[in-house]
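One chain comes next, on its own, written out as structure tokens in the form predicted alone.
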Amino acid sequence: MKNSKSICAVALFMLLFGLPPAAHAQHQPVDAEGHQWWQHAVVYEIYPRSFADSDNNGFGDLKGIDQHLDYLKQLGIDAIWITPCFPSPQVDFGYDVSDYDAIDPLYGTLSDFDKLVADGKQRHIKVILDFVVNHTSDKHQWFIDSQSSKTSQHRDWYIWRDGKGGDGKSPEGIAQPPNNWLSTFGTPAWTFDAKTNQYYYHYFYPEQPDLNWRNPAVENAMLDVTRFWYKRGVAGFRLDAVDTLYEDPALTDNPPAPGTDKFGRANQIEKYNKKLPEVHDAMRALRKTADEYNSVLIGETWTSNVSQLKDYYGANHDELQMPMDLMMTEFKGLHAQQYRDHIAAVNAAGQWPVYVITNHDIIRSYTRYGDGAHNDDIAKMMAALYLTLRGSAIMYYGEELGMENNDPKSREDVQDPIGKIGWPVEKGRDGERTPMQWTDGPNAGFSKAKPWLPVPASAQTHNVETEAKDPDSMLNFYRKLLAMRHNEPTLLEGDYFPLNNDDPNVLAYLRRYKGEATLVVLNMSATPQKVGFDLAPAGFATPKLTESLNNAHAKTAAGADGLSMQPFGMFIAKVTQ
């Protein structure tokens, strides 16, 4: 113990005053002191196929989302990010867009979308769309024209190249692909077109040909797409696969890397078809257009270090306002020091962080972190982490319920093409995209028809209807936590002050603001921990703590010698002098 008198005073105050009444509804945010709305926002990602089915055909839709806006309002959501709902052949479930200026009939109509935006506005919930900037569907009119002849209007809107060798007059004489690049989805990156005797490039599936962003006409067309939706009231875009927008025009082969990938192919360093400097030119152009409408850009920004992440903000803060920190989703296990070091690096970068712990491409956090014995407590602890840090937060639908992955049991069950290609090493992404769990009834209340993906057995206990009745449920924990985040000045405006930096098991920190602070303590271990603090260096020589939130199933007890934390316990308290 560093300061037994301080912790004794802390413990006495907590024991005397106990837990204050929990906030139940989202109130107006505290004055943001010049911050943009998104800097304090919680953005809720919705996979529209899986959220709510209003017409009972087994697929979610826009009307289904609209019908549950009050639920999202009560939860404490500021904006919804809807993954692609544009017309699409659905090869990649909407990420193969055949028309950027319409709504896929699977999800509804433009009128349904306009109503969703208007109804969201009434509830102070903004709508953000997913913009597929790297490629289109091969059924998009641009590509159909591009493929029609070498002299077509849109030929140079895509990446067409001659192959190597061969006479092109017979299957045996077809030239080889222009270089060794690979598709990230397990197929070759080049597809031969017999009609024009050339290959076209696709970083993803063959049905998703890459746009040629080096052609100014492509850039202008894509900027016009954003204007179309901004004028309909969209608050911004999440930009898909931004790293792949440009390729080396010389088509230089990628160098080899050790090992093989999940499809059994030799690894390579994606040096010449990913993260080229020109990507930032495109980000600046998209940002300039977004600024015309006071809109926000979120980036799918996969990085291996914070320095790379920082680049996406732009040297003059003229690129993405919200590049997602996806690095934490790749951490193996729960290690306090790893999270401590990463958070410190993000804060030291001097930008506005955007934290994410899962999404539609990543195994659900409940499954990824769970140990089979403390899953709910671990999920609550991780919620307390990403929702109390300085920065914005993006949460995935169902996180507030403790939804888990429901992976396919056989190759025949797989919907996601990469799961079919890579089975059994790569099972695809179906498991993290299953229907929202509304009730404990048939199909979890998602639809009266058979849903496009099956719900897990855990839907019987982890669903909105059941959890709403349980004060200790995951859902009610999230509601309390989000209410606190929206109404507590320290969590809105406060700085980040780490505590007990040498503790290998417990991550602890303060969020300080104008003489007050919020203390966050997270036991990331499977064993009980005793934790004490010296808060004097943080400006609290004689601190008084009022408990705000605790794990229901892993209660943290306060005593004269500190906090006694149960495995994966979490503890949040308000600190005053």
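Quick note: we count residues from 1 along the sequence shown, nothing fancier. The structure presented is a predicted model; accordingly, all values stated were derived computationally and were not measured.
One more form of this protein exists, namely the form predicted in complex with a small molecule; it is left out here, but the text below deals with it.
- Residues within 4.5 angstroms of the small molecule in the model of the complex, judged by any non-hydrogen atom, belong to 240 to 248 and to none of the other stretches in 98 to 106, 502 to 510, 485 to 493, 240 to 248.
- When the small molecule is considered in the model of the complex, only one residue from His360, Arg287, Arg479, Arg390 comes within 4.5 Å through any heavy atom, namely His360.
- Among the residues Phe192, Phe185, Tyr369, Trp438, the one placing a heavy atom within 4.5 Å of the small molecule in the model of the complex is Phe185.
- Taking the partner from the other structure, the small molecule in the model of the complex has a heavy atom within 4.5 Å of a heavy atom of Arg429.
- A residue is said to contact a partner when one of its heavy atoms sits within 4.5 Å of a partner heavy atom; Glu300 meets this definition for the small molecule in the model of the complex.
- The small molecule in the model of the complex comes within 4.5 Å of no heavy atom belonging to Arg364.
- Using a 4.5 angstroms limit between non-hydrogen atoms, Phe446 is distant from the small molecule in the model of the complex.
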